[in-house]
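Let us start with two forms of the same protein chain, each given on its own as structure tokens and named structure 1 and structure 2.
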Structure 1
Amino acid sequence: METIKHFINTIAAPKILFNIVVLSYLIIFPPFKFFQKIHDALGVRRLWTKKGGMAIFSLMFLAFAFGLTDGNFRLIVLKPDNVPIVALLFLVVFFVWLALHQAQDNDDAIAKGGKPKEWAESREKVLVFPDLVYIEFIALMIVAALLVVWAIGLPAPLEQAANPTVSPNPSKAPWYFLGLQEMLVYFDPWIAGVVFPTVILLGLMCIPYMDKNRKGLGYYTYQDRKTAINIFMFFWLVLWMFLISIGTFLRGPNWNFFGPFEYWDHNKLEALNNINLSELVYMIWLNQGLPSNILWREAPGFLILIVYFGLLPAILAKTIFKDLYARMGVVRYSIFAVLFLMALTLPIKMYLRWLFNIKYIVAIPEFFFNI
């Protein structure tokens, strides 16, 4: 028992867990041919059958029940604030499964020359009133009842009066912002708090203009919209849902990482010594002092940024995004590539921090400019 818990605590360390999550993502939603082969070899498609769904859910419930036998786990998971996130974990998995289950049925039917299940249905007309309005009304009643019961059963905590000189430890944002808070661990507040949220919103608005694929309208499908779904799943599951769960369950006092069965010790010591890229280049590699000229000091970082945002899109267009480039055209592709690369900076910066202790690639605290 203890060894299992210890093992789980060990692999819950971000460096390991993140790799596991990314790898499973690559196999389940394979963006590249190589992973597609593994995907086929492992028969991942069986996950989306009814049996597969049962298996996923039994596993999740079993793991959860096992966890509940542990005091530390119970303490975090059953905290009234965290109950919705536990529900969210199950709901996310359920709806992903449901969508892909229906998509797979349709894809199989289409492959046999048939029509998707929704085909006949979508031809038929229904009235907003009463058909839709009734359903909405019933949903409204159920949700309202649920919220009342919930609010009575798990009352919101009353805490002491706000005091600017006391920050609760750990200080957590509301759950839907925990992804952003996790981003703030790796970025300057300007970038993670202002630039990225704006870009995320703009990027979401861009989707209808980027994605010209007319297939998949009105029916569930995976095969017809593979690229779109794969890309979306990465950002939504790995960079949003996963970060929210980490922020909720694995971040403890002083924003340290704690395994699910670990006691939240306020004095846990994690010695980190983060440095900026400029310090790494000049002081450690070249073994000299930092240049006093800011631009010269940050030249390595700027160089990396120029290559990353200037050259990389072109290189990608010639290699792995070749088809995409041909389909999208220059303008669409460039916008897509920049958005895509920007989003990728998050995992990149996570790895830089974990592997090389690098804090900022370009660090000009003199002008609040840190990337």
Structure 2
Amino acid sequence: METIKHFINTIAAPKILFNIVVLSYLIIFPPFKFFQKIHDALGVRRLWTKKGGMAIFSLMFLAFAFGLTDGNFRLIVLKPDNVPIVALLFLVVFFVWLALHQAQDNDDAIAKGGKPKEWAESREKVLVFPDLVYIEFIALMIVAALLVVWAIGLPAPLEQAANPTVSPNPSKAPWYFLGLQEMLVYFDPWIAGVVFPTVILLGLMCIPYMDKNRKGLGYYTYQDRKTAINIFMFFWLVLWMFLISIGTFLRGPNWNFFGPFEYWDHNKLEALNNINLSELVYMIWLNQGLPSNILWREAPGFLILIVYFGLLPAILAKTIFKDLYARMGVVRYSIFAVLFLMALTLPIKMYLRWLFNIKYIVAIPEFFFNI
């Protein structure tokens, strides 16, 4: 048992766990047509959306039950603040499977010349009373009973009165802000706390104007909305849910990483030898001091940003996103490409930090401008 726990603690390190999550995502949601054809030929999606999904869900329950045998694991997952997040993870997996299961059924029906299930059901007339009211009343009673049991079984996570001289360790934001707090490890506060939330909101507002595909309206489907579903699932599941889970269960005292079966030692300190890109280029690769001129010093970082946001959208429009560019046009595609590449900077910065210890691409602390 201890060997298994040690193995799980090892692969729970973010730089290993993130690769496992990304690989799992690519198996379920292949991003390119070549891999999608292999995916469909092997029947991977059909396996996942049918009995395979429930098998994964069952394995999650077994893994959780095994974890509860460890005292350190119980201290983390059964903390009143964290119980909703545990339930959230199970609910996310279940409802993603349910949506894809219904999408698979509709795709099969459409392939045979039929119509989506939702279209057939939409012709049926349902009365508000008693059909809808009864369902809502039953749901209300069930939720009320659940909340009563929850309130009795789990004490409210109230701490002592506020004391300005004592700070909790670790000091964590509410779960819905833990993703932003985790991004502070890789970005400056002005980016993680201001720019990214603004871009996320603007991006969500732009979706109805950028995506004018009429397929998939009013019914579940995957075959007709592969690109949209794949992109959404990557940024929601692989990034956002991953960051929330990491911040909740694996970030311990001093904001260090701890395995799920590891004791949260307040004396644990990890040395971080992070360097900026300019230091890597001039001091390590060129073996010389940093230039005194700020623009010349950060020229490598600015050059990378110009290529990334200036040339890469055009390259993607001619290659990977060729069909998407043809459907969206220049203006809508340009907005989409900028938003997409900005979101993609998060996993890129994560890998740069893990693999090369790079902290900032552009570092101008003189003007509090770091990227």
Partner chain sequence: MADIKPPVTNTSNTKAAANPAGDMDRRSFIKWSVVGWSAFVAVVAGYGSMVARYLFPNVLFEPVQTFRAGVPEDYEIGVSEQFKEKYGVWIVRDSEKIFALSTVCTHLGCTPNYLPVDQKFKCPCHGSGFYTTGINFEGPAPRPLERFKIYLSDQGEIIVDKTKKFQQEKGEWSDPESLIVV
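Here, a residue number simply tells you its place in the sequence of structure 1, counted from 1. Given the structure is predicted, the values throughout are model-derived calculations rather than measurements. Think of the rigid core as the biggest set of C-alphas that the two forms share within 1.5 Å after superposition.
Between the two renderings of this chain, the form predicted alone is found in structure 2; structure 1 comes from elsewhere. Fitting the two forms on the rigid core leaves the C-alpha of residue 68 displaced by under 2 angstroms between structure 1 and structure 2.
Once both forms are overlaid on the rigid core, the distance between the two CA positions of residue 44 between structure 1 and structure 2 is 2 angstroms or more. Relative to the superposed core, residue 113 undergoes a C-alpha shift smaller than 2 Å between structure 1 and structure 2. Core-based alignment between structure 1 and structure 2 gives a C-alpha movement of 2.9 Å at residue 158.
Aligning the rigid core leaves the CA of residue 134 displaced by 5.6 Å between structure 1 and structure 2.
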